[in-house]
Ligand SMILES: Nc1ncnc2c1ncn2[C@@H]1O[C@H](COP(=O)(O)OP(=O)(O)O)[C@@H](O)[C@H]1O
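Below, in structure tokens: the form predicted on its own, a single chain.
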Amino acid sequence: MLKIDRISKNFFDGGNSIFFNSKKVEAVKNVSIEIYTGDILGIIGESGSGKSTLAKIIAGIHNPTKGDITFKGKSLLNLSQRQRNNLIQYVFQDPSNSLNPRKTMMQSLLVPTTYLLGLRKDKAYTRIKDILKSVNLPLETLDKYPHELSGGQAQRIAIARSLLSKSPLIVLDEPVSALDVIIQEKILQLLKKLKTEFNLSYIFISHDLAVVENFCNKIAVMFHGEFVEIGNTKKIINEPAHEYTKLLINSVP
């Protein structure tokens, strides 16, 4: 379904003036992988490994320095952001930062529904209410502002928003890391239910190997911007080949 072909991303750090030379930082280095329909691919690695940068490239938030990403054979780099949003949605680690504090949940959800699907307001309202039921939130949540939501409720709203466009692939960037253990488990169970209900595929970014082991059928281990190991989750957990993967496994309590 999705093919990432030799993607790299460079940033420049240190300013650019007559006194300082910019330093090139290679956040992602020549990464390739394929995601198939129904996959839950976990991208695992420590902070600064490049996994979130790669996630944002896939979602179209960043452009790659080189390489290509194709969705069912069509290059995403040639599509508008609106077209890409209809194929791939992105769920942030901290949903509160992605919600407008001055808008109710209904207002926040109405814009992407009318923009991406081109629905009239009455049809958009119906879809929003249906999706809200799917993420197990009461309808009165639509009248609330971000500061009135708990962390778990805000993440459910973020997941609901990603479902509105009917995108078949969702990139989840550390979606449970800011939540306590009980809420984490509820969100993960919700994601499993939604995967079946909406026939979704996920790219799941995390630094928590225990979560990835129980949620993802495939994992890609990222170290210093590169994939050092890719494969079936159980096989890699039981038979790690790379020293960094062994270190991650041994660090799990």
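Note that the coordinates shown come from a computational prediction; the quantities given were computed from them, not determined experimentally. Numbering starts at 1 and runs along the sequence shown.
Quick note: we don't show the form predicted in complex with the named molecule, though the next part is all about it.
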Given that the named molecule is not shown alongside this chain, does Val25 nevertheless sit within 4.5 Å of it in the predicted complex, heavy atom to heavy atom?
yes
Check Asp13 for me: does it contact the named molecule in the predicted complex (non-hydrogen atoms, 4.5 angstroms)?
yes
Applying a 4.5 Å heavy atom distance criterion, does Gly48 contact the named molecule in the predicted complex?
yes
With the cut-off set at 4.5 Å between non-hydrogen atoms, does Thr53 touch the named molecule in the predicted complex?
yes
Taking 4.5 angstroms as the heavy atom distance cut-off, pick the stretch from 211-219, 185-193, 40-48, 63-71 that is near the named molecule in the predicted complex.
40-48
